[in-house]
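Only one chain is shown below, in structure tokens, and it's the form predicted alone.
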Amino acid sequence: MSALAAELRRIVGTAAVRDDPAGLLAYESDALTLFRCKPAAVVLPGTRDQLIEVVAALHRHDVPFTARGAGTGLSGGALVPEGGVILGLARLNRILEVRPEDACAVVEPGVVNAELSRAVERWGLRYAPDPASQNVCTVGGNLAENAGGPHCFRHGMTAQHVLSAEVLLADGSVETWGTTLAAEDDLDLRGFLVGSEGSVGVALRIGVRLIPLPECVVTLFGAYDSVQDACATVSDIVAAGLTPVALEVMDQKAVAAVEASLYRAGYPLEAGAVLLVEVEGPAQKTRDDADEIEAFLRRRRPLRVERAATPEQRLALWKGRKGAGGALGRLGPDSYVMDGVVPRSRLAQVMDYVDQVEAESGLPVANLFHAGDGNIHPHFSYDARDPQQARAVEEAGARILRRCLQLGGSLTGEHGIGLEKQAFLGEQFGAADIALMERLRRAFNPRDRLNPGKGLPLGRGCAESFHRHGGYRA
């Protein structure tokens, strides 16, 4: 590593290479602390050319590496095995081009999600994907995981908003996949890149679709005795053919955590669940849809139904939802935020099962989820210093993931497979499917040096390179 470290310092400068113990500590996990592995070095390139040169050097030295944005991922996707290098892309944060007439922009991977929307607002445009961490997460990280967010019910995931990417492959070569000017008429490598969890290539520049700011936005709020009533209301709204941009549910534990934090939004503490619904579009149609949705909100004996009367009230309601993840940190020293998907018609059923797992495991679970997509996020609070709790939380998570599959769902909606879920892939996909995925990835990453093993089942040698604090094996 000494020869490689010297070469990396020559490329990016001494201050942009960290290999001291304190400097590496922040990079040994992402926001999922179930897995930890300290890299040999962290490199922070400041330009596109520096990044290309760094990857070429890593290829020559045959050293594994992974790209990392803000480290907000929740599946262990931004870790490397021992001896590997992390490429921190936070300094590559320029918006390179905005073309309002074409409703698109070109950005570097380290651009923060929310900053992109703020930058294009003067043209009456925005970037639609809005993960809860949008004030810190990066567009490059969103691309890697195909991130969603509360408003993906109508606007779609990151895949629907990435038009093109300049891609740096594992050997240091550069290709362009997709185009911001026209639809692809060949193999959709752009689509292959989005959601590949950084194991196919590193996005140097990303062409994104922008959408117009809505003429009118209406946010509604309903409080119910139970999560089941909130989920049933969601089913009523969707069955009626209405298409709000967001349908979000939070249970009583999540509400209590929010209201005890700086994110408090005025949610009623006595509610078993709250439901946020947002509608946007042309003014008259939006108001008509909001009236119809409000009627559905009142059908199931709500404790309270409100409509935000001012932009400030709307922002307060969303502040609570977007800040819920941070507020839930109050419940324990460690947390495990799960991500699974079920058909909307099975939401109440899977939430009953989550309650059962909570009772049997003895671990507190708070729930907040994208109800419109059936994308659940049980939030376990525990103490990783206790080996029994650490093992129990992974066992509980495994039970819930398997239940999602049994109900016709999927292992992930937006957090990705990473290290967290790779052991369960064989329960969702057949051996031939997994072999094909691996073959496709190896076409671009033949040595498996770029984010080794992520998103696909790991070989034993690779799996044991990552420390799993509970020692759990699926």
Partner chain sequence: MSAERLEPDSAAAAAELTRAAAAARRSLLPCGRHTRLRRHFPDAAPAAWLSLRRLDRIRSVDADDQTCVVEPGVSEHALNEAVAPHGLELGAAAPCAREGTLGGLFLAPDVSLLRAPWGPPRDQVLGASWLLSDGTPVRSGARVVKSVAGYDVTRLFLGSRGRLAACTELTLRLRPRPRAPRWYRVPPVQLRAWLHPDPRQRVPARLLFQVDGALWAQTDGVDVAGALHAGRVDAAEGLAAFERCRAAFGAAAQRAALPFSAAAALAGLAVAADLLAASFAADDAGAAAAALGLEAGLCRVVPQPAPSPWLERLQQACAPAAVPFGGGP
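Positions refer to the first chain, counted from 1. Note that the structure is a prediction, hence the values are computed from the model and not measured.
Another form, the form predicted together with its partner chain, is not on view; read the next lines as being about it.
Contact annotation for the candidate site: 28, 330 and 394 all lie away from its partner chain in the model of the complex (no heavy atom within 4.5 Å). Remark: residue 71 does not count among the residues lining its partner chain in the model of the complex, judged by a heavy atom distance of 4.5 Å or less. When contacts are judged by a 4.5 Å heavy atom cut-off, residue 66 does not count as touching its partner chain in the model of the complex. Within 4.5 Å of some heavy atom of its partner chain in the model of the complex lies at least one heavy atom of residue 154. Its partner chain in the model of the complex comes within 4.5 Å of a heavy atom belonging to residue 417. Looking at 264-272, 348-356, 309-317, 284-292, the stretch with residues near its partner chain in the model of the complex, meaning non-hydrogen atoms within 4.5 angstroms, turns out to be 284-292. In terms of contact with its partner chain in the model of the complex, the residue from 362, 387, 212, 83 that brings a heavy atom within 4.5 Å is 212. The single contact residue among 253, 403, 300, 344, judged by any heavy atom lying within 4.5 Å of its partner chain in the model of the complex, is 344. If you take 365-397 and check each residue for a heavy atom within 4.5 Å of its partner chain in the model of the complex, you get 370, 373, 375, in sequence order.
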